[in-house]
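Take a look at this one chain, the form predicted alone, written out in structure tokens.
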């Protein structure tokens, strides 16, 4: 078996380069393990189930600039005409569009008295009584809205008396009982929970409220409104192309924005996540390449510097495999030192990210996987220089310098 002691002593004769390579490996381990963990978190976030038929939903904005327009009547007419378009399944005027990054939230509590109440924020979607059907929801518990529960809120202050909420919001406000039939309170206004849907993400994909959503049968009449439309998959592009012209033909004293699919809005909301993921992938690739290049370069330098010593060992009976194993073992020792320091740096870096950037705790699996990857890359990078060293002829020991 190869003796470690002479290898370590030989390494100590060139401390500066060894220290630089060790620190390079340590930094690579710390950064790569944390970067890989962040990438996995971002990908998981982007791939979450929104609870929505994203490929079938389109949304657009409507702005009325003429005060003479009866907005409430016009919105209801728009809805009626949209439902007559071939391929349209459901449609409703609405205050916000899911996954878009722009919308409204309300604060709710589970009892009238504030003392001892459980409070939670939620994204609130208000539209016609068919709003749950527009989003393609199945009511998991309770019932859907009835037409008589729909209200129009303009200057009279009407508010709906019923709501359908997601399971996440129900669990938050009523952790120990079924929320159906219970009342939740926005300020001091009681609103009865008549139904629960399993899942629906709100407008802000990075918010802690993203899974906490409430639907209400109401149109809040404003100059700036939105529409959400669910369409047969094969007809989406055709409806998108015609919807703007259709609505302006009904009433041209307004601006209608081009319609977009929910997929497009979702991609825009996650744009920063995709950019960060791509950037971290590039950083990981560059770091691993530089580390491999550095240790391979050091090994080549040592092989060239020790050619006469290698030739002498070959002349004294050392086999090619022993010479190759010598350099592979040397690289393993360097990698081991770098890994020990790198594990500490990885945990320190993760603690910093947790403190200042609300990151989660780094899983040890990522550190272990990164260690295995770094060792394999280093050994692969050293293999060819070590093999070159093993091919040095014993005759080189007799050459003069």
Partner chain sequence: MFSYYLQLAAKSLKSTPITTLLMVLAIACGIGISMTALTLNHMTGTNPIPEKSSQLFAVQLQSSGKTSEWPTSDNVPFQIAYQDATNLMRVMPKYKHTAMYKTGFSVRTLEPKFAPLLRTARVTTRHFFSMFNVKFLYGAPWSEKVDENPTLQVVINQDLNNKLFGGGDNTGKEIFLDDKTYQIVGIIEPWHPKPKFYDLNNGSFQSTEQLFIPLVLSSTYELPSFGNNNGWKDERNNTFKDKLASEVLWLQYWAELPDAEAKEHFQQFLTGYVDEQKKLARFERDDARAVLRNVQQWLDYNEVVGDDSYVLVAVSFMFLTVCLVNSIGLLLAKFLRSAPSVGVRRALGASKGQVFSQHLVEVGLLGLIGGLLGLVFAYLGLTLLKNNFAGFDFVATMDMVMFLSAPVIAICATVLAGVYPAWRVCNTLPSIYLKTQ
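The structure displayed is predicted, hence computed values, not measured ones. Numbering follows the first chain given and starts at 1. Throughout, rigid core stands for the largest set of C-alpha atoms superposing within 1.5 Å between the two forms.
Another form exists, predicted together with the partner chain; not displayed. Remarks below refer to it.
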Q.
Under a 4.5 angstroms heavy atom criterion, identify the one residue in 280, 209, 328, 180 near the partner chain in the model of the complex.
A. 280
Q. Though the partner chain is not shown, can you say which of 188, 232, 245, 84 has a heavy atom within 4.5 Å of it in the model of the complex?
A. 188
Q) Using 4.5 Å between non-hydrogen atoms, is residue 306 touching the partner chain in the model of the complex? A) no
Q | Distance check, residue 334 to the partner chain in the model of the complex, heavy atom within 4.5 Å | A | no
Q | 4.5 Å heavy atom contact, residue 20 and the partner chain in the model of the complex | A | yes
(Q) Since only the chain is shown here, I'm wondering whether residue 44 would be in contact with the partner chain in the model of the complex (any heavy atom pair within 4.5 Å). (A) no
Q: Choose one stretch from 219-227, 169-177, 130-138, 87-95: the one whose residues place a heavy atom within 4.5 angstroms of the partner chain in the model of the complex.
A: 219-227
(Q) For a quick check, can you give me the residues of 65-96 that have a heavy atom within 4.5 Å of the partner chain in the model of the complex? (A) 65, 66, 67
**Q.** Core-aligned CA displacement of residue 63 at least 2 Å between the shown form and the other one
**A.** no
Q. Would you say residue 353 moves between the shown form and the other one, meaning its CA shifts by 2 Å or more once the core is fitted?
A. yes
